[in-house]
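Only one chain comes next, encoded as structure tokens, the form predicted alone.
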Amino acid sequence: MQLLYGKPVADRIHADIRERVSRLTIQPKLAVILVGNNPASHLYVSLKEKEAAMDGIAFEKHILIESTSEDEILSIIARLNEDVSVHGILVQLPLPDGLDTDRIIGAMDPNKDVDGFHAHNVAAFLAGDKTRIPVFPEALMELLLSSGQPLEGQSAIMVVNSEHFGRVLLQAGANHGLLGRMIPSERLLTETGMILDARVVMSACGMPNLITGNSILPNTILIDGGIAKDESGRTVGDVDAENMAHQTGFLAPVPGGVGPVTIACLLRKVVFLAEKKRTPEVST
């Protein structure tokens, strides 16, 4: 397998971000809300803050204890919606049990929803507005494009846990000419010997070893967006990468694949939103 590492892709995106920020007369600003003590969430927010600083993007953190009420969170979002210096808002997921994720995400101004999963933005993306693509599917597509392989007219299978996410990923692929179909992860688990007969296979389930070498065709492009821990505590993806290393094709690995690209795409979206709000005297 030829590995599609995320760092070179992310580096290219960050270079573009810094060049675009240098042309602005305002500083793009991202506000992040983090609720609770999830160690992975705190790590992800720290990584985003570090990359934002390197790209010239202001970063505002709201770190809240796990017992913070939903009304308190909504109050913060309302203030950020009105703050003209804030161009993007991110609620770090997952939220603690008892909080209504859909309600909290839905409270954001869709024009500041940097992650892209506000219902308004998803509907607009599915209706054809490519600028509304959610960040995670965008990162998966960036990794796929990094293979350098022709995509127009190629078959694709999206292995997902959620039909809602699957529809978004199918649309993201269709925007690049892929002829895709969706397969729920549970079907792959229950139908022994299923072959994922497509040139491109994208997966985002968080289920270790869900996809094995026996289930793909030669020369498949595998984009692994699943993140989980195996029995030994290692971070792994959905693809059994160790046992298909000698097969032909391409693989975006976990770790080392989608993570840095997702952060880069997120910060690029902040800059895009700032560009939409830039002062009139800035040249286009």
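What you see is a predicted model; the values in this text were computed from it and never measured. Quick note: we count residues from 1 along the sequence shown, nothing fancier.
Same protein, other form: the form predicted together with guanine, not shown, and the subject of what follows.
Among the residues 178, 73, 160, 90, the one placing a heavy atom within 4.5 Å of guanine in the model of the complex is 90. With the partner omitted here, the stretch from 92-100, 207-215, 148-156, 124-132 that lies within 4.5 Å of guanine by heavy atoms in the model of the complex is 92-100. Guanine is not shown here, and in the model of the complex it never comes within 4.5 Å of any heavy atom of residue 142.
Proximity of residue 117 to guanine in the model of the complex: non-hydrogen atoms within 4.5 Å are present. Residue contact check for residue 59: none of its heavy atoms lie within 4.5 Å of guanine in the model of the complex.
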